[in-house]
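Quick heads-up: it's one chain on its own, the form predicted alone, in structure tokens.
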Amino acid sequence: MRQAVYLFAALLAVAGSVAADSIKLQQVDRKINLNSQFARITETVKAKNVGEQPVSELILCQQLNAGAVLSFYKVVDATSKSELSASPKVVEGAPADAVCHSVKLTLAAGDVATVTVNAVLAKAQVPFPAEVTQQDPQLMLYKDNVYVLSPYQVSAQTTEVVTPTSNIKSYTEEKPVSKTDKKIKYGKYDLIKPWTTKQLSVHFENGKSFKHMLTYVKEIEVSHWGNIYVEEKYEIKNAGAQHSGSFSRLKYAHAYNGKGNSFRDLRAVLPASAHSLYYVDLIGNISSSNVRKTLSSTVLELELRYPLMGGWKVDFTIGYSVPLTGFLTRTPAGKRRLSMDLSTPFEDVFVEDAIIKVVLPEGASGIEAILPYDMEKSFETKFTYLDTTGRPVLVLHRRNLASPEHSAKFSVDYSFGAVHTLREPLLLITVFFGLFVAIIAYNRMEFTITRDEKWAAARDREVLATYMEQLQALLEDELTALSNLTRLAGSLKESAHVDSAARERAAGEKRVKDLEDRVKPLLAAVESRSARVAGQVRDVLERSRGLQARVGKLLAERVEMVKKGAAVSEINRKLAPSQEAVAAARRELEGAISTVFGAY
């Protein structure tokens, strides 16, 4: 058994050696850009299959100094401009600090392919010295390999290092090497053996801000009632050289070199439709904010009360809402699709730990995430107001994100039936219906131990007051209807309006008759409780009928005179006594209503 294992390992080693011997890198051009807090490396690799058999992969490696992490890695075919699949791979013979990737690339015997590698290293620039005062410049030390780290033989290679300033304290001098202003160029080097290493060290000034987000938690809550709520929590650290000594605001404000490696402005680019923005800063370090709207975005600018010096931290929360339009759509399969920004809206930052939570409506199912890059996925449940079973939450997690390389959109597909939209309204209706039923039942229950005459009299007064309130409301409605008929009589001036006036009169009289029909059972109920009060109500009703008769007479006379073509002034003069009689009857009716029903 042990001999079989040894034989299998030997076969793998031979196969790896054969694959390495089959490929030769004819030309490699590297460019290391140190203009920001990252080390952005671009390699143009020209590979040839010098073997007799086709190969299906290309091994590409990158050396990492102590503490550096590979945040972003992308390989593109230089001819077709299409991205090639690259997966991490452990390669025999590689140095311990090397990270290698297997790139899916088919090369027939004798074929040549050119690929472009884009890599972003975070924490690759180390402050040296590690501590500086407020006036000192920030010096960084970057270490790499002069030669391209590869399991293949390299025929020719060049390396170019670009720094943010021309203040370069020292650099590795591996001839041929030349320095001009902000650039250091190594090579060209010929016939480099596999795994050849020679430390590349550059000590230079870098005054850029090293914004590290230690934690970034973004929660997206979807409501099908019209809004998407977004809340983002940040813990940001200035990961540059540690600040030592005292801090002087005066020097910071006036001195040219008093700002050091600090920063006090944060700029977030939010969706153009973002509204209801807010931020929460528990320690009060954010002193002011500004929001600018453009056609393509909403720009949120935050200004810190105290600048963030090297090693200092700040934590805060921002939130906003966006409408469903433009973010929530339907897929051809009938599912709902939510499309949002995945990374942080802040620019030029390194996110050490990112958690994205997508809170979907209660009842959502069949949840699928469409991501631009790999992330850990898990699910949890969140309970908010009016929830019964809880809302499903998709949790995405990834470390070491670089901006803007990881700035991309993602989508979440899920099924959500229309009936689930009515879950909360139906729940509210049920709760309020149950509450009203309980109140009605309570009012109908009797909690007194005995019923004496005083209780019965009080009960009769309460019932009588209820009937009287209903009668008063009906009489006031009747008074309003009669007032409308009176105004109709006053506005009738031409014979052309007689027909429409007749229709409005019929509708008004029907309204009055309906109200009288509703009064009759209430009057009978009042009479069963108190004959004296019923008599008073009848007196009010008689006055109401008298007002009806006068209004009807006034309207009939007005119609007759308009039909005959009488002048408006003549009509008003002849009908003045009738109008005064109507006004007097109305005042009497209002007084009677106030007198009889005012006590109730």
Partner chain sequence: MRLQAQLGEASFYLALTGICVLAFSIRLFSVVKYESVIHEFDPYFNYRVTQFLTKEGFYDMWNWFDDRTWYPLGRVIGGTVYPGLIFTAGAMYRILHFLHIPLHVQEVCVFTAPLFSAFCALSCYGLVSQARSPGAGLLAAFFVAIVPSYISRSVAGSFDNEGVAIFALVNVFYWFIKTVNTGKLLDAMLTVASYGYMVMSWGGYSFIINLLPLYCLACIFFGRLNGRLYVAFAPLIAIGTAISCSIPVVGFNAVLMSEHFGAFLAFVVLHLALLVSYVRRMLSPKHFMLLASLVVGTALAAGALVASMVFAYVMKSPTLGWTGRSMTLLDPTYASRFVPIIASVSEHQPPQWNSYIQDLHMLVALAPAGILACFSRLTDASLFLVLYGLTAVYFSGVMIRLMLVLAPAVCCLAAVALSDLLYVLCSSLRSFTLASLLPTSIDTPPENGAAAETKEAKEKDAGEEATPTKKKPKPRPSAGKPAPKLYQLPALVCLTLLGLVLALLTLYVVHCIHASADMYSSPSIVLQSPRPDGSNYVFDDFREAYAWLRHNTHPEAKVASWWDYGYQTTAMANRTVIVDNNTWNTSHIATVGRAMSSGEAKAWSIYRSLDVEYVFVVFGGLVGYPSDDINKFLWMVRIGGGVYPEIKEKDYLTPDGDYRVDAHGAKTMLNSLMYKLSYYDFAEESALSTGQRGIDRVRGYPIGRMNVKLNYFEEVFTSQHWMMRIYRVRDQPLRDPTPRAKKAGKAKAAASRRG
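So that the term is clear: the rigid core is the largest set of C-alpha atoms that superpose within 1.5 Å between two forms. What you see is a predicted model; the values in this text were computed from it and never measured. Residue numbers count along the first chain shown, from 1.
Beyond what is shown, the protein has a form predicted together with its partner chain; the following relates to that form.
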- line: Answer key: of 175, 330, 503, 249, within 4.5 Å of its partner chain in the predicted complex (heavy atoms) is 249
- line: The one residue among 306, 373, 195, 229 placing a heavy atom within 4.5 Å of its partner chain in the predicted complex is 306
- prompt: Quick one: in the predicted complex, does every one of 297, 409 and 495 get a heavy atom within 4.5 Å of its partner chain?
  reply: no
task: Pick the stretch from 151-159, 280-288, 205-213, 347-355 whose residues have a heavy atom within 4.5 Å of its partner chain in the predicted complex.
output: 280-288
- prompt: Hey, in the predicted complex, is residue 442 touching its partner chain, heavy atoms inside 4.5 Å?
  reply: no
- prompt: Can you check whether residue 264 is within 4.5 Å of its partner chain in the predicted complex, heavy atom basis?
  reply: yes
query: Looking at the partner-bound form in the predicted complex, is residue 312 within 4.5 Å of its partner chain by any heavy atom?
result: yes
task: Tell me, yes or no, whether residue 476 is in contact with its partner chain in the predicted complex, where a contact means a heavy atom of each within 4.5 Å.
output: yes
- request: Within 4.5 Å of its partner chain in the predicted complex, which residues of 381-399 have a heavy atom? Give them in sequence order, or say none.
  value: 383, 384, 385, 386, 387
field: residue 284 C-alpha moves between the shown form and the other one by 2 Å or more, core aligned
entry: yes
task: Tell me, please, whether between the shown form and the other one the C-alpha of residue 472 is shifted by 2 Å or more, with the rigid core used for superposition.
output: yes
- prompt: When the two forms are laid on each other by their rigid core, does residue 306 show a Cα shift of 2 Å or more between the shown form and the other one?
  reply: yes
Closer or farther: C-alpha pair residue 467/residue 439 in the predicted complex, relative to this form, given a change of 3 Å or more: farther
